[in-house]
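One chain follows as structure tokens, the form predicted alone.
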């Protein structure tokens, strides 16, 4: 078979995947970008509005707050999720009894639907009949039993963060375990011979060797946190007030709840650009660290 026929066959093979990508990804993105420059509500006539929606986003107090809240939530999740997952991964990579069972226990929450997790923890945190209420009441801690974790403006966001860490830390841990399994044990043994301790071995040998796993986990957790929607929508709906409203929830409320598709798609475009910029910066830095 000559080269021209080979090229034609390759193009023919990738054509279905390219058409699916074009129809379900590229076309909606282009149409959404167009709508973001209009004042369309979804029902009225489409009118061009220029950069009005984008300007309103950065001057709208609620949108600005939602953006800042999303970035803060992302920062906390990425830090604690990766530190906790790496900690458990290092422990479970050692020869301890029942480590396979613990791996399964940590990973099971990842397999649950985010909607199911949201409703489950909403019930647990219920200040009247929830599991926390019953537990604190049993131990005669009546003051703690009365705390409404999802109804308190100062605690609601961090309660949701706890739920997210519970659900996704196991997934991050599995990736770290895969990275740790590729570290040659001879390197650590050589370190011990040279007089290093466990912490020095981890810092100078193990951690640099699992750099690809760190890159993958940080990118996944950053992107996932920036577009977080399900758990917040189910557990608080953005409340109390707007204290847990993320950027994706704002987009949903403005685009569909308030019938402002123009502003909603403009906000989603800003979110897309934000995710793209942050991901590229992190990827560039983390890949350089891998090479180093």
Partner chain sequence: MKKILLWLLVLTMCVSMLVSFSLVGCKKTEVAATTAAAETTAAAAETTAAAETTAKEVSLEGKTIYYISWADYTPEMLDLFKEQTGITLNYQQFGGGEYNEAVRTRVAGGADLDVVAIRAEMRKEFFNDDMMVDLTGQPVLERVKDLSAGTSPDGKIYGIPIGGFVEAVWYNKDIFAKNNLSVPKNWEEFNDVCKKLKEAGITPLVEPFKDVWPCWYVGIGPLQRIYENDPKIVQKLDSGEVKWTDPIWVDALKEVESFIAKGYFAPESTGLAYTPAKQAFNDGKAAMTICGTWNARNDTHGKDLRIGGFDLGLFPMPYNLPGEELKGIRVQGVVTGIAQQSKNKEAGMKFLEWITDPNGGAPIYHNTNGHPSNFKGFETDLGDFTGIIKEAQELPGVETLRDDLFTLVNSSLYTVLSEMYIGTKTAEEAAKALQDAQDKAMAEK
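Here the structure is a predicted model, which is why all the values come from computation and not from measurement. Numbering follows the first chain given and starts at 1.
Unshown form predicted together with the partner chain; subsequent notes refer to it.
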Can you tell me if residue 285 lies within 4.5 angstroms of the partner chain in the predicted bound form, counting non-hydrogen atoms only? no
Heavy atoms within 4.5 Å of the partner chain in the predicted bound form: does residue 128 have any? yes
Can you check whether residue 27 is within 4.5 Å of the partner chain in the predicted bound form, heavy atom basis? yes
Does the partner chain come within 4.5 Å of any heavy atom of residue 35 in the predicted bound form? yes
Could you tell me if all three of 100, 172 and 208 have a heavy atom no more than 4.5 Å from the partner chain in the predicted bound form? no
None of 256, 64, 48, 51 but one has a heavy atom within 4.5 Å of the partner chain in the predicted bound form; the exception is 256
So if I measure heavy atom distances to the partner chain in the predicted bound form, which of the stretches 82 to 90, 213 to 221, 184 to 192, 119 to 127 falls within 4.5 Å? 119 to 127
When the partner chain is considered in the predicted bound form, the residues of 225 to 239 having a heavy atom within 4.5 Å of it are 233, 234, 235, 236
